[in-house]
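To begin, one chain is listed below as structure tokens, in the form predicted on its own.
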Amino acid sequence: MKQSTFDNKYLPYILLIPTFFILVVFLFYPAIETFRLSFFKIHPWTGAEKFAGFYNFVKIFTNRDYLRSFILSAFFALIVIAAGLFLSLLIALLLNQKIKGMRFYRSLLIWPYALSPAIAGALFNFLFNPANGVLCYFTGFRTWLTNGNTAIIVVIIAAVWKNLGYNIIFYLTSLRNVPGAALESASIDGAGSVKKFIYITFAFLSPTTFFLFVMNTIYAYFASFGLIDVLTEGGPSGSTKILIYYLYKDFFVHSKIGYAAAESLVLFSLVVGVTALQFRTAGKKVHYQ
């Protein structure tokens, strides 16, 4: 088979120009500008800039509401990641069975991932809206979204449900790569279902689990914004106002540009730090076959 080559040594770089343009305009420039603006005070009306050093960062970490949002975001992410991975793995194991009509069941359980976060938020608002929510009507309990304790539970349930399909797809694919010979050998040696799952199945799933752990962390901190915006708008009384929504409010509603830029850096650093910690701890237990 003849290998394709570029006769013109400059052609590969020319073909990469559109990609570099998109990266510079929509990724590198905004990132550099955000870093720069985080050290400035910016007038919300005139846009006048005044260098402020670490003023915005000091203000962030002395703001009780922000620290509350910081803790709330960590709690929200922890529950969404743990519940999402556990439920998706359990469902994937069930979907991996040879049962009549299984393709139909797989389609039903995967389709929520195709919905946008805003649509998912609208669906749960239809269920839990205090005025005309379906579940409110049948249960008689109308404070699902007006009580802080129940509102965060509804948001967590919605966030887990929204991302289940994504996790299930990867787990189903990985389950098909688990060698049947290894499971049969374990059965011959007298291993039960639990031991086979822990020492064989889950060992082969560890790379997928680690990947989904990282992706669900990013999802919980960033991609759940649309869902919260439609469902609760950060309320009631800030009970669902996680960091990404706090950032949105400060930038687009309160026009605190420099302050919001500093919040953006803090959030980015937090997620990068959590991801790096995952690589240094959980990453060591991943077994690549």
Partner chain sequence: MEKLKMIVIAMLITVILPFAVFAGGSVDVDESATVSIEFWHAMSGARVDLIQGIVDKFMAENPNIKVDVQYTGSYNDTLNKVKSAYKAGNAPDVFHSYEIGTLGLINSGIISPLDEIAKKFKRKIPWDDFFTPVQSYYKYQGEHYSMPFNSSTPLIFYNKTFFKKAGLDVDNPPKTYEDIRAAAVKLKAAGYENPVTWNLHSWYFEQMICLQDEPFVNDKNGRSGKLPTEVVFNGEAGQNVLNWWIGMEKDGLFLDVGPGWSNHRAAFGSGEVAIVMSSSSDVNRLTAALEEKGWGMGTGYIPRPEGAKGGVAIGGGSLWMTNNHTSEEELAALKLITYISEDESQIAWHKGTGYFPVRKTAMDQLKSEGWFDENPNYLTAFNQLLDSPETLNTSGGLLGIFPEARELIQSAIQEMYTGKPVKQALDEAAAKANASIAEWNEVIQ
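Residue numbers count along the first chain shown, from 1. Only a predicted model underlies this, so the values are computations on that prediction, with no experimental measurement involved.
Heads up, the form predicted together with its partner chain isn't pictured, but that's what we're talking about next.
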The stretch from 175-183, 139-147, 77-85, 193-201 that lies within 4.5 Å of its partner chain in the predicted bound form, judged by heavy atoms, is 139-147
Though only this chain appears here, would Gly235 touch its partner chain in the predicted bound form if you measure heavy atom gaps against 4.5 Å? yes
Given that the partner is absent here, does Asn129 sit within 4.5 Å of its partner chain in the predicted bound form, heavy atoms only? yes
Just checking whether Thr46 would be counted as a contact of its partner chain in the predicted bound form - the rule being heavy atoms within 4.5 angstroms. yes
Is there a heavy atom of His254 lying 4.5 Å or less from a heavy atom of its partner chain in the predicted bound form? yes
Going by heavy atoms, what in 46-74 lies within 4.5 angstroms of its partner chain in the predicted bound form? Thr46, Gly47, Lys50, Tyr55, Lys59, Asp65
